[in-house]
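Let's start with one chain on its own, the form predicted alone, as C-alpha cells.
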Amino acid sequence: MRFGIKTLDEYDVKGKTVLCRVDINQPVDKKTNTLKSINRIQGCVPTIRELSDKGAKVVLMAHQGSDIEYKNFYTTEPHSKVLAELLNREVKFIDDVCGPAAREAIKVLKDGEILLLDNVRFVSEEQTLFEMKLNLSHEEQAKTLLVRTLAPLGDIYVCDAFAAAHRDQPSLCGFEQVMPSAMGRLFEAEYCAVSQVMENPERPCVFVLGGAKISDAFLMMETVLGRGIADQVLTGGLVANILLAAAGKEIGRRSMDFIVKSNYAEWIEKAKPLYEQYKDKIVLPQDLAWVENGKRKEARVNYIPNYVGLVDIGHKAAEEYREIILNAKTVCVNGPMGIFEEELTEYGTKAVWDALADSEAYTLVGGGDSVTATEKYGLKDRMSYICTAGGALIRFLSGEELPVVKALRHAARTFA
C-alpha cells in the first residue's frame, strides 16, 4: 500500500474480471477517425499489459472529450486500434458503455483478454455538467446506472487515470464504494513524481507557469509560494500578462481586450496582493513579443506599444529564464510561454524547453499543452518525468485531496 491506497501488488488478478478506468482522452480528427496524439494511451499500456499478462479479464473504461469541450467528444473506437498496436495483442471494442451488449461482452471475456467500452461520457451521469450541477456524493455515485450495472460483473476495480483524478464522477469515484480497488502503475508513478516535488524538492526549486488556464495557475502559484515549495516562479503566456497588468505595466490594448473578453479581468485585481507579497520570487518577463505586419517584434516591458496583442516572451526574458533553469535542482512546468503552435511566436517556449532539456535538474512537465510542446520539440527523452495530468496536477500541487484519491483510500479501508 502506498499513500493509503492499494497497488496492483496486493491482488492476484488471474481469472478475475478487472474493471480498469484509464485516461486515454486525446485530440481527435473526426474526418479521418484518428487520434492526433497518443501520449496518454502510451502511459497506461504498462498497467493494461500487466493485468492481461497475469490472466485478468480486462475491461477498460475511458472518456473522450466532454459535453463542455465538445469538439473532441467522440467514440473510443480509434483508441482500441492504437492500444492493440502498442500492446501487440487484440483489444476488443464494443460500441456500448453499460447496456446489454456491453454486459454480455464482459461476461464472455476469457483470461488475458482486453475489452474497451465506448466513451463513458455517453452516459449522462458521467458528463461534466452532471458533475458540476448535481455534486453527487461518492455514495450516491455508487448508485448510478454505470456502477450498478458494471460493478456486479467485476471482481476488482483499478484506477489508472491520474490525469482525471480531479474529476468527481461515477467511473472514477463510485466503484471504490462497492468493490476492492487499487491504483494502476501510471497512477502510482505520477502520484510519486508529484509528491516528490511537493514534499521534498531539491533546491533551488523553480516553477514555470504559463498558458491560459488562469485560475489553475494562480491557485498553484499561491500554494507553492505560500508553502515555501517554490523558490522562484517564472511566468509566461496569459499568466504573465495578467501579473504585468497587476503591476501597472502596459501590455497593449489587444492583450487587455482579450483578457476582458475571456472574463479574466477580475484576476488582475486578485493578482495584485499576490504579486506584492511575493514579487521577490515571481519573475516577470523583461521583454515581450507581438506580431505586426507578418513580422515578430519585441520590446522591453516599459516600452510596449499600447495597441499590440502580446503573444510570447522576448529574447532577454528567455535568456534570463534559461539561466535560472540551468541553476535549479527541481523544475516543475505547466503551460507554454506563448503561442508555441506558430513559428513566429514559439521562440520563448522553445527556448525554455531547450533549457529544461539541457538542465541537470529534476524536470517535471505536466499539462496538455506542455506535453504537446515537449513532443513538438522532440524532447520527451530529455525530461525527468512527463505527467499526463493537467488539471489533476494543478489541484494536487495546490494541496487539495483529489476526489479519486479520497475514493481509493476509502476502498483500502473498507475492503481490507
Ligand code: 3PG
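Each form is matched to the other, and the largest set of C-alpha atoms that superpose within 1.5 Å is called the rigid core. All residue numbers refer to positions in the sequence shown, first residue = 1. Predicted model only: the values in this text are computed from it and were never measured.
Omitted here: the form predicted in complex with the ligand. The next part is about that form.
- The shortest heavy atom separation between I251 and the ligand in the model of the complex exceeds 4.5 Å.
- A residue is said to contact a partner when one of its heavy atoms sits within 4.5 Å of a partner heavy atom; R40 meets this definition for the ligand in the model of the complex.
- Put simply, S52 is far from the ligand in the model of the complex: not one heavy atom of it is within 4.5 Å.
- By the criterion of a heavy atom within 4.5 Å, H79 is excluded from the residues contacting the ligand in the model of the complex.
- Checking A163, A230, L310, V147 for any heavy atom within 4.5 Å of the ligand in the model of the complex turns up a single hit: A163.
- For the residues Q277, T128, S195, N306, the 4.5 Å heavy atom test against the ligand in the model of the complex is passed only by T128.
- The candidate stretches are 352-360, 28-36, 41-49, 63-71, and the one lying within 4.5 Å of the ligand in the model of the complex by heavy atoms is 63-71.
- The partner is not shown here, but in the model of the complex the stretch 100-126 reaches within 4.5 angstroms of the ligand through a heavy atom at R121 alone.
- In a rigid-core overlay of the protein, E69 has its C-alpha displaced by at least 2 Å between this form and the one not shown.
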